[in-house]
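One chain follows as structure tokens, the form predicted on its own.
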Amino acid sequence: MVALTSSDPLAFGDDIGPEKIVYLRTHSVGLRAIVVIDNTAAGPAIGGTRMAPDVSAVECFRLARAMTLKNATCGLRHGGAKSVIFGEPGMPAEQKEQLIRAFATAIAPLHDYIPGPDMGTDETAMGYVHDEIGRAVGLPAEIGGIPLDQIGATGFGVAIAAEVAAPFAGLSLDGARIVLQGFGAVGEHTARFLERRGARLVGVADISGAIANPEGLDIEALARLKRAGKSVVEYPYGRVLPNEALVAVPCDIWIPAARPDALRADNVERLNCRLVVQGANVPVTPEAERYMFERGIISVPDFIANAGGVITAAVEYDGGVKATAFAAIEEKVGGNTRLTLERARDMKVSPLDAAMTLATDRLQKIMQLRRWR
């Protein structure tokens, strides 16, 4: 994997990519954005558009590379890319629409990039992009899309990965205690799909703090709070914790479903679980991965576990429907999780090493098919 320590995105790269790093600025509306197209060997690159005030080129590249690995591992006819827009997602709706439309106009010449929703954007935003340039996925259902956040595609895939991985960690989902870092589109749907499989949510966090209750948390009550613009810490039946304390909440399965680097060298030793399923993109640093492997904590890598969204995007792009997408998620995410953990066990390597070998082997075969390489 590429070393990601440099503050200069042009200072890193390898034989996989990136193919393009594009900086965008439109002064009239205050647009500042970055697009990283990492690899297009399998076809036009799909990757979400993230909006946050503190995004960076390095984060964009890391996310784009995760998409390359994810798409190759799942056998999709798409490469990997990502874009980030500097901005506060909660800005007034009219201002946000103007910013998204300006972004769409700016990426119009990047024909090998197909944007989709990510943190801070949604199917409405992708509808604006499609209206401007006719190229986006995760669109509103009213214009033929499969709205990823609405149906919980990524969360469904994370739940499938957890279900397959649980026996490798000596667990059953029935009665398993779950902790979720993040209760947005991915986290909420992950919680719901896991609850249907018998699991119990005992801890959850959002940007304002965390709440924990070993007897379980009411997912619907938490969802109502979020829909009302409130924080999970306003849930009345639990112990309020600072965000950084969530990592130590006793559980069976810990699921990062928010920003990058949730598990790091400075907090992973506090982890109190047997299985980590990575619902977010790049949520675990290499140091934290090594620690978990050495301590026998099973960790399902991000590009294996959270591929449900991009699988659905690819199905939508090909004109498919929700049922087709969910069947593909179950097959691809479930199959890749099992293969990764079997290889890791048999070869006595970490799940990340096993997954990287699986992804890069498939990607190299794809790249060998290119005329110009």
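All residue numbers are counted from 1 along the displayed sequence. Take the two forms, superpose them, and find the largest set of C-alpha atoms that agree within 1.5 Å; that set is the rigid core. Values in this document were obtained by computation on a predicted structure and should not be read as measured data.
Beyond what is shown, the protein has a form predicted together with a small molecule; the following relates to that form.
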{"query": "Partner-facing stretch of 149-157, 89-97, 233-241, 212-220, counted where any non-hydrogen atom is within 4.5 angstroms of the small molecule in the predicted complex", "finding": "149-157"}
{"query": "Proximity of K70 to the small molecule in the predicted complex, heavy atoms at 4.5 Å", "finding": "yes"}
{"query": "The small molecule contact in the predicted complex: G75, any heavy atom under 4.5 Å", "finding": "no"}
{"query": "Close approach of G79 to the small molecule in the predicted complex, 4.5 Å, heavy atom", "finding": "no"}
{"query": "is_contact(N306, the small molecule) in the predicted complex, heavy atom dist at most 4.5 Å", "finding": "yes"}
{"query": "Non-hydrogen atom within 4.5 angstroms of the small molecule in the predicted complex for each of M119, V186 and D206", "finding": "yes"}
{"query": "Proximity to the small molecule in the predicted complex, single hit among L201, A258, V268, I297 (heavy atom within 4.5 Å)", "finding": "A258"}
{"query": "Contact assignment for the small molecule in the predicted complex, among A280, V276, I178, V137, heavy atom within 4.5 Å", "finding": "A280"}
{"query": "Cα displacement of C74 between the shown form and the other one reaching 2 Å, rigid core superposed", "finding": "no"}
{"query": "Is_shifted M119 between the shown form and the other one (CA, 2 Å cut-off, rigid core)", "finding": "yes"}
{"query": "Large Cα shift (2 Å or above) at I311 between the shown form and the other one, core-fitted", "finding": "no"}
